[in-house]
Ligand SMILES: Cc1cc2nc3c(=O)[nH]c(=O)nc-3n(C[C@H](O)[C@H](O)[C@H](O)COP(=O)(O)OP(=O)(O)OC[C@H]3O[C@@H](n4cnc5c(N)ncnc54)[C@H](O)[C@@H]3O)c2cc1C
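Next up is one chain by itself, shown in structure tokens, the form predicted alone.
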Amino acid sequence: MKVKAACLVDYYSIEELVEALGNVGLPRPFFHIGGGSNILLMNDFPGTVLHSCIRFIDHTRLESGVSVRAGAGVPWDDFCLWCAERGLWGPENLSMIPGEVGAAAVQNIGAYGREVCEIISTVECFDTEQHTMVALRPEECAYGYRDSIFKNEGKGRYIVTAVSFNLREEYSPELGYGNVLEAVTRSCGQFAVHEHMLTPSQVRSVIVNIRSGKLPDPVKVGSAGSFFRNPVVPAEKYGQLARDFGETVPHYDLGGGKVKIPAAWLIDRCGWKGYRGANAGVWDSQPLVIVNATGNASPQEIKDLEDRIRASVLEKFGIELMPEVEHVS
């Protein structure tokens, strides 16, 4: 998609970030990105895009585990690989999610039964209002499903510079989501699973294989990954769907009378999987993904397809899908 910003600034330290923010010669407004993989620019951006290149990973042993601290600009999957290679449990189910460490904390990324907020201990930020560094605990980040303070009242105020994670060396895989256990058993064998002999690297490898089989390679096909959030509905609404459609509607009981339904299932039942328009389409292996099928799709073509998908799901199921991708006008 052919859109551009007036200026792009890569910074490699907090000092360079502060210098850029105070530079009166840079066009306003400022807009901070991670890897840019979760953003749909609708038009040319008139201001300055800021991007962190603060890249380091270090660790400290604690009585309760290992604290790993990473710069906001570290590619997220590089971080997952680093942890897995050292036998540290925690981020392996989040492997191969595009983006960077700082953006992961902003977005509260999640996959296969894990959310990143479950392993975060502190998020270090530059506070653009107080002009000082702050370290926010998870409870201060107001984490929710694909949500955080950084996407709401703290948007534009806090710029993430580093994130610390509490990880574990003792055996603690999360295999209970979807077909993960089946895939791990098939790959590693029942003995390894039953005798607690799995390693983080083995689980990571299985997750990478699952994702590679379902999602487009971003180097070859433009996409923003999962375009929509999985809707959370009252249990009564789920019961109505199960009755109306006479089949087992996939769901995840969140407790408190709330149920999460996979957006991919809803979109698939509306016939969108594999759809191709002039330039924009829906990935044929994962209907949650809108793709720039030809490389020539305009932002409006992507938005139009998004709107059509949302309208069809609302009409068929009475559920309003919300985009996970941030739209920037």
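If you're wondering where the values come from, they're calculated on a predicted model, not measured in any experiment. From 1 onward, residues are counted along the sequence shown.
One more form of this protein, predicted in complex with the ligand, exists but is not displayed; see below.
A.B. asks: State yes only if every one of Ser37, Ala72 and Glu326 has a non-hydrogen atom within 4.5 Å of the ligand in the predicted complex; otherwise state no.
C.D. replies: All of them do, each having a heavy atom within 4.5 Å of the partner.
A.B. asks: Just one of 127-135, 253-261, 228-236, 95-103 has residues with a heavy atom within 4.5 Å of the ligand in the predicted complex, so point it out.
C.D. replies: Of the options given, it is 95-103.
A.B. asks: Classify Gly189 as contacting or not contacting the ligand in the predicted complex by the rule of any non-hydrogen atom within 4.5 angstroms, answering yes or no.
C.D. replies: Although the ligand is absent here, Gly189 would stay clear of it in the predicted complex, with no heavy atoms inside 4.5 Å.
A.B. asks: When the contact criterion is heavy atoms within 4.5 Å, does Pro218 count as touching the ligand in the predicted complex?
C.D. replies: Output for Pro218 is yes: heavy atoms within 4.5 Å of the ligand.
A.B. asks: Using 4.5 Å between non-hydrogen atoms, is Ser223 touching the ligand in the predicted complex?
C.D. replies: Ser223: yes, in contact with the ligand in the predicted complex.
A.B. asks: How about Gln107: is it within 4.5 Å of the ligand in the predicted complex, going by heavy atoms?
C.D. replies: Yes.
A.B. asks: Between the options Leu167, Ala111, Cys117, Ile210, which residue brings a heavy atom to within 4.5 Å of the ligand in the predicted complex?
C.D. replies: Answer to the contact question: Ala111.
A.B. asks: So the ligand isn't shown here. In the predicted complex, which residue out of Ala293, Ile33, Leu41, Val68 has a non-hydrogen atom within 4.5 Å of it?
C.D. replies: By the 4.5 Å criterion, the partner-contacting residue is Ile33.
A.B. asks: Taking heavy atoms and a 4.5 Å limit, what residues of 119-154 are near the ligand in the predicted complex?
C.D. replies: Heavy-atom contacts within 4.5 Å come from Arg146 alone.
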